[in-house]
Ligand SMILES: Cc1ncc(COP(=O)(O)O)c(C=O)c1O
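Take a look at this single chain, the form predicted alone, given in structure tokens.
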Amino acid sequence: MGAVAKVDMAPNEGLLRLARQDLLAMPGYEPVEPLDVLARRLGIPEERIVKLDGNENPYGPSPKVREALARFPYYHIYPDPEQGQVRDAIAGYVGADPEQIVVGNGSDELLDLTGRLFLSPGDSVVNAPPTFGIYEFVARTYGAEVAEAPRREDFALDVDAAERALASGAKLMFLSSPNNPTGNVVSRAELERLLAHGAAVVVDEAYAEFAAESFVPLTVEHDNLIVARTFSKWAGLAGLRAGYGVFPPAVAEAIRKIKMPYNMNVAAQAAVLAALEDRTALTENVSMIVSERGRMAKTLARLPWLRVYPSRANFLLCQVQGRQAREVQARLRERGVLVRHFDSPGVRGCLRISVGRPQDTDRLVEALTEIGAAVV
């Protein structure tokens, strides 16, 4: 058979004329690429790439996870749609009631489901940029307006601006702590002020284990607080997409009602259970990452053209000074070292660098030193 000709159509032509035009006009979220794709593109063996662009755990999952996946006998059977065993285990881990827990295909799905439940076209969502791009993505997907409360110069939350946006009638606020990509946390006092306005406040705690603090205990005190968490970072399960949310019980019941029934597959469920059985070893990995974060920050701070911001997460945000950040990223990429570049307000000219193993930090610093020496 011959090749099928490609027909280019404007958004309002063909079947797309029936689609939501606001979605067609919306920019998509830009995710990082997987290792095998990058290796082929760069022409570098996978084992030579230092991947510090996705905030993944460099130590990977627990060996018990690999064993559990290898011996699991029921891949041909649909998973438990209620995820009862997983919810019980997660509830024990975070100290919540199982009825508060909803699990999903990564914590991103829980953010999306929250938007699905609360947002209608024209509603207002408060966002505090610079922050995780998924929050605005979710709001736009459901036709909501985004009320921005930009962070202060030091990336601290501008609580006054956020309160003004909430007081104007916003139904929902997304808040990351530690914040991605800046690494700083929200205080309990700041969160209490925001919760007092009655809107739903979603605290994304994807990096909570690296900060050793969580707002999950406050969910029993505030019926408008939702906490989203994940196994991607601390437990090394990013590729299996295993996340969960801690909701007020009535909201959790509503979320379970509107989610897809089999939204966490059997591999992810088995991995979560095995990871929680081996949390001591995984917590040691977290401690190693936190320790390396400190060493990495001190080492990078010795480069006079990098400003390193403090972080409570598993990454560092660095402002490139006196040269183009995108060019630095490109030169690192040529050397097989991958970092994330930002060119948006508040973090323009910045690189976000995930914390890897000590040898990864050494490769990074060696490459940056070469790049710095090459610039006159």
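Residue indices: 1-based, along the sequence shown. Just so it is clear, the model here is predicted, and its values are computed rather than measured.
One more form of this protein exists, namely the form predicted in complex with this ligand; it is left out here, but the text below deals with it.
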Proximity of residue 241 to this ligand in the model of the complex, heavy atoms at 4.5 Å:
yes
Contact between residue 108 and this ligand in the model of the complex at 4.5 Å, heavy atoms?
yes
Would residue 215 count as a contact of this ligand in the model of the complex, using a 4.5 angstroms cut-off between non-hydrogen atoms?
no
Distance check, residue 151 to this ligand in the model of the complex, heavy atom within 4.5 Å
no
Of 232, 269, 219, 127, which one comes within 4.5 Å of this ligand in the model of the complex, counting heavy atoms only?
232
Exactly one of 114, 180, 83, 100 comes within 4.5 Å of this ligand in the model of the complex through a heavy atom, and that residue is 180
Among 224-232, 137-145, 289-297, 274-282, the region lying within 4.5 Å of this ligand in the model of the complex by heavy atom distance
224-232
In sequence order, the residues of 153-178 that place a heavy atom within 4.5 Å of this ligand in the model of the complex are 176
